[in-house]
Structures are given as structure tokens and as C-alpha cells.
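Starting off, we have a lone chain in the form predicted on its own, written out as C-alpha cells.
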């Protein structure tokens, strides 16, 4: 069976039948557009795209895994603004010979990840394409809070991190070398564990700037430093190397800190807080904001790559 045999509308019916809807979804798939509640009267919006061969491989990840990753990449951006995700819109472009079960399982992963934050997949589009592509748009609600942007960091602020970094990058390296273990690292690449609640909590606690760590901690904090006109210095000892990562790094001949500081796809949240503010649960200090420009580690320029660049 192929998606061409099922047809566009048949596939839409099969996919939407697998979805469930949260309270924010006032009208789901079936009309020209969905209707999503916006109690704050402002909507936070973000979009991201996953392309086969560039962001995922079907021999590395199942369709459910890709669904979880695609949803997480967008939901994390909403959380990084201090907002709560409410809805996802998904555009799926796929080869005509694709098994429709792949699209159905993708929907399962998308829906399951969205459900973690009470959001819903409320609509989207489908098209034939020689390259399998998943494009997701996420919507969110600020609940009366001001958005936490990248440009608010000030000298003296504490740099803090919620979630983990380096795990997905380690899993990617393991897979790219032809291995499937350690399973813990491989699964971290396939399905990131995102600290969604940490975003709104940081906003409530007075975070001055925040960002989703999708392309690497050094690279993403570099965006904060540039937008805020400040320098950021990280403390290497603030980052523990877990045993599984340390063992894998030794076996593969990799510096584990290259994963932790420059690896992406874990979707941790990095934020800056005024000095003396009690960090919310799940946040830990990892550095300081100072005068100047750029990102350093223990006062020195880090060696090696700083993160992911889609065009390099």
C-alpha cells in the first residue's frame, strides 16, 4: 500500500482519526482553518522543518520518533519565550510510494509529544514530494506574561540551564559511526526530553533572556550575547559528563565537552537571571554575563565547532 493508492483525502482521514484535542482546540481539522483559544489575546508562533537526509534518516529513527522530534523542536521554541504551547500545524510532503503507515505513526508521535504540554495537532497540509519533509508551526499562550526575548541579558546576570545538553549529539555520533548502542544516547537523539515547564517558570521568576538550545549551547548563547550586547562566560565544571557519555566518547575518540557545549537537538533551555534571584526548580547556574561580546568558557575562547549550521 502507498499514499498514492490511499489518496490525499483518504490519508488525511486516516491521520486525523488518530489525533486527540486539548482544551485550547476549539475547532480541529475538517474546515478551511482551525480555531484555537487565545486567552491572552496574543499568540506566540514559531515554525521549524525536518528534511529527510538532513535532519533525520528512516534507518535511524521510526516515524513516531520523527514525530516526537518535529513537535519538540517547535514546542521548545514556544517554551523559550516563556509561553505555554497550545497547538501545532503540520505540513507533510512525501514521496507517492511512501507507506501510509509511516504518516500515521508520524501523527502518533506528533500527538503524543504535543499532549505532554496539553497542546493539539489542529491541522496542516499534505503534498507529494521526492523528499520527505515535515514542517511544523507551533502556537502558544503567554498567560499575561511578557515574552522573554534574547535581548534582555545584562552584565552581572547569572546564566542558567534547564534540561540536558550533549546527549542527542552523542547519539548522533554513535549512529553515524554505524552503532546502535549505548541505547540511552541513541534514544536521546531520536526523542529529546524537553523541560517545557521550565520556560514559563523562568518567566515567572524574572528571567531577563532565554533561548532554546537547538543548535548547540555555545552557538545559541552567542545569539543571546549578540542580541543583548554582552559577553557570556561559561564554567566548564558546571557541566557534568555522565558515565554513558564519557564511556562512549572514549570509545569513539571524541571530547565529550564538544557534545555538551556544541551539540544540538536536546532542546534544553538557557536563560539569564538577575544576580540573587532564586532559580526555579530544574534550573542550574552554568555561567555569568559580563561586559563585552561573545561566549567564552572559563574566560577563554573555546576550540572547535560552536554548533550546528544548516548551510555548512
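Bear in mind that the values here come from a model prediction, so they are computed numbers and not experimental data. Positions refer to the first chain, counted from 1.
The form predicted in complex with a further copy of the same chain exists for this protein as well; it is not shown, and the discussion that follows is about that form.
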item: Heavy atom contact within 4.5 Å of a further copy of the same chain in the predicted complex, the stretch among 180-188, 142-150, 167-175, 111-119; value: 142-150
item: Residues 204, 206 and 243 all lining a further copy of the same chain in the predicted complex, heavy atom within 4.5 Å; value: no
item: Contact label in the predicted complex: residue 35 to a further copy of the same chain, heavy atom within 4.5 Å; value: yes
item: Residue 58: touches a further copy of the same chain in the predicted complex, heavy atom cutoff 4.5 angstroms; value: no
item: Exercise: residue 48 in contact with a further copy of the same chain in the predicted complex, heavy atom 4.5 Å; value: yes
item: Residue contact check: residue 232 to a further copy of the same chain in the predicted complex, 4.5 Å heavy atom; value: no
item: Selected contact from 31, 247, 275, 255, since only one has a non-hydrogen atom within 4.5 angstroms of a further copy of the same chain in the predicted complex; value: 31
item: Interface residue in the predicted complex among 194, 217, 71, 210, criterion: non-hydrogen atom within 4.5 angstroms of a further copy of the same chain; value: 210
item: Contacts with a further copy of the same chain in the predicted complex - residues in 57-90 whose heavy atoms fall within 4.5 Å; value: 77, 78, 80, 81, 89, 90
